[in-house]
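As structure tokens, one chain now follows by itself in the form predicted alone.
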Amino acid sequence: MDGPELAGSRNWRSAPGLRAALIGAGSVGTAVALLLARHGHDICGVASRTEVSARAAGARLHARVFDHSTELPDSDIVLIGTSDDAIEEVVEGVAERMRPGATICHFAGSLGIAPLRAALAAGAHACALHPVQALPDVDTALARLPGSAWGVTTSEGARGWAFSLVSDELEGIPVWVAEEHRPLWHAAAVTTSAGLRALMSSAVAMLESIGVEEGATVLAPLVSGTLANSLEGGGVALTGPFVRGEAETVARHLASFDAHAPELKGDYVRVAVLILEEVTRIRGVPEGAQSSIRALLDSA
């Protein structure tokens, strides 16, 4: 099984009562630890970059605080919730203290198991688990992780365990992602999450420039409807002047930006180019209309 797949292969299941140590008490790592605790596993220790965050997570998880630079509690699973850049250094520091046969996991989207090589060399299993979800804090993570997809990449023999961990303990949907595909997996998530947020921010600013307040409230039903259409797939989900080839409408948009919000015109043009390319790819635009719209956008 080389390509992406939905839940399947379960070679061995995660047994109740496993001991897990958390290093890096961010929103994802702490939420994962809490979900494991809810399913009968023991969080045996918490370490973090600052003592304040470690103690806060420790109190919530009913776990002791430890210094990962000098010790590692006896554990079956080591969860690495640090920043992406810190993962490899942390793993190199704890690898020799891991129990042989234990599993080490990180949650970085663009990285596979390469940063875990020191633990692999010490006889551990390794997996990279990345949730496709926006998780600004622990409480939001607890609410949103169940039902979310997780990108799973593991060392040999650990795929079934990781799939069971995601589907049973984390209540998610495991998707296999090859090591070399992790950056594109993460890029898709970033484009969706941060991209949507950036688009909304720009659109709200456009409404504010003409005196419309509560722009997010105005646009919310449109966002919901567009998302529903997009999930249905196909060109039928595309609507608007680019689909209809209405160059005159696009010209009016650009003229209005010049008159009322010139600082926002660049946002519109960049997005309009993407929309036109998508419409052309999926449905096609009459050649004359496409050329006219493209000329307007190029000269804007």
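Quick note: we count residues from 1 along the sequence shown, nothing fancier. Worth saying up front: this structure is predicted, and the values here are computed from it rather than measured.
Just so it is clear, the following notes concern the form predicted together with a small molecule, a form of the same protein that is not shown.
Taking the partner from the other structure, the small molecule in the predicted bound form has no heavy atom within 4.5 Å of any heavy atom of S75. In the predicted bound form, the small molecule sits within 4.5 Å of a heavy atom belonging to G81. By the criterion of a heavy atom within 4.5 Å, P174 is excluded from the residues contacting the small molecule in the predicted bound form. The closest non-hydrogen atom of P131 lies within 4.5 Å of the small molecule in the predicted bound form. Remark: none of the three candidate residues (F242, K265 and R294) comes within 4.5 Å of the small molecule in the predicted bound form, counting heavy atoms only. This chain is displayed alone, yet in the predicted bound form one of A272, L34, V28, C44 has a heavy atom within 4.5 Å of the small molecule; that residue is V28. Out of the listed residues L135, A102, M206, A95, L135 is the one that sits within 4.5 Å of the small molecule in the predicted bound form by at least one heavy atom.
Contact with the small molecule in the predicted bound form, defined as any heavy atom within 4.5 Å, is confined among 165-173, 82-90, 113-121, 206-214 to 82-90.
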